[in-house]
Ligand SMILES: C=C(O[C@@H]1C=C(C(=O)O)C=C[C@H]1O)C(=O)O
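One chain comes next, on its own, written out as structure tokens in the form predicted alone.
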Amino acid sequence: MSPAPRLRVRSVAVDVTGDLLTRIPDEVDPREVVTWLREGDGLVGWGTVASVSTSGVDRFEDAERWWEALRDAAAVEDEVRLPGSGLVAFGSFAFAAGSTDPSVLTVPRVLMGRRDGLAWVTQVVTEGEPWPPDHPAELLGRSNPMLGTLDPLIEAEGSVPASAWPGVISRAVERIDDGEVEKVVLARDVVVRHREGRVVRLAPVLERLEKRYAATWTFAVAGLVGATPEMLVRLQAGRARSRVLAGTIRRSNGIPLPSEPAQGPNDPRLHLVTSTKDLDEHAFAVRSVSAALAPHCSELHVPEAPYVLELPDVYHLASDLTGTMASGATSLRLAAALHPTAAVCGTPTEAAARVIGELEGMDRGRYAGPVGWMDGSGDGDWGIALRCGELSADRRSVRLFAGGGIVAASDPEAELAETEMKLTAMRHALGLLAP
């Protein structure tokens, strides 16, 4: 691991209106775009001034040591002093220690932020480098004219063809029936390529994700891009929060909002909140998060029952856990302690991870791993990399991922349908589905 450079950081308050994504220059390397947005607020940046790649069982610890050295040596001027201003790193970590895909922690050269009506621009240079000639206000006046133009893409089968997926699920149910695991989460991939062999641009994909899935967290880190509904952990001012999602059903046209009363026995929300399979799957996930957070919190609130979270394509069972920090851990350390939850791995964890390695037929890479950001105080947001795709090293193709929790009551054909449903987010964002 290379030594951390000495950085100079400057955050200034600015006026920003409209979509932050429009400021991403079309010519920047798509793997150097970073994003964390929800309902129009958050962080958008580009360029790389410092980064580190880690791997193996120590990938989180090695990244945090590098970050601490970088932070301690940095000269920071921060007139904003909000979560996400000053020195900020974006991270994306491999799901499995044995993955060949390295985990990444990266600091962008330019970062724009907005929170509760307040906005700022952060610029970062290495020691000895001059500040960029552009004033932050000039950056805000720019707009990407190609943001609404999608690349021509074509989809192909992934590591395991869709026709073979029910057989994989059947084998997983057999392992559950044999008592090897109680629950295992299995995922599949598909590959999307540029029809003309060119680089796939990510800014238009992010814009479509952010507009359609505004209630989720739209992210991009080192070529991994998506819209996750699942907050692994948020740490802010000594309070930790985690959102657990497990249990899913398709949302059809004309279904009422969750705030409205149920519309008869065919309302899918009624099925979701009474389904033994979905409730069991959700309970496994909540217990795993609660057990991981408890050692770090003096108080931990765990809801007695889940609620139904509405997304454009699906309903999820959801639970929000909150706690008061007692351990002094950073947000990244909490993310490492929580990963992998039962929502993306299974129960018991080690046995489920072994079954995943034997049945999935692919390396997940950074799919289902922690993704997010952290500032100099250690506060930050870390989601789970779901509803996402990973740009290839040559930037000409994207692997899309989707999975589901398998329990004893799982139906193989229904599980295939669930992955197809979850692939909808990225297929829409890439222009593979009708608007």
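Just count from 1 along the sequence shown to find any residue number. Keep in mind it's a predicted model, so treat the numbers as computed, not measured.
Note that the form predicted in complex with this ligand isn't included here; everything after this is about it.
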Looking at this ligand in the predicted complex, is some heavy atom of each of V225, S392 and L430 within 4.5 Å of it?
no
One residue of G403, P30, G47, G376 in contact with this ligand, assessed in the predicted complex (non-hydrogen atom, 4.5 angstroms):
G403
L235, V185, L111, L232 - the one with a heavy atom within 4.5 Å of this ligand in the predicted complex:
V185
Is A353 a contact residue for this ligand in the predicted complex, using a 4.5 Å heavy atom cut-off?
no
Does this ligand get within 4.5 angstroms of any non-hydrogen atom of L386 in the predicted complex?
yes
Check W36 for me: does it contact this ligand in the predicted complex (non-hydrogen atoms, 4.5 angstroms)?
no
I'd like to know if Q123 sits close to this ligand in the predicted complex, meaning any non-hydrogen atom pair within 4.5 angstroms.
no
Quick check for you: of 168-176, 215-223, 243-251, 152-160, which stretch puts a non-hydrogen atom within 4.5 Å of this ligand in the predicted complex?
243-251
Can you tell me which bits of 303-342 touch this ligand in the predicted complex, meaning any heavy atom within 4.5 Å?
H316
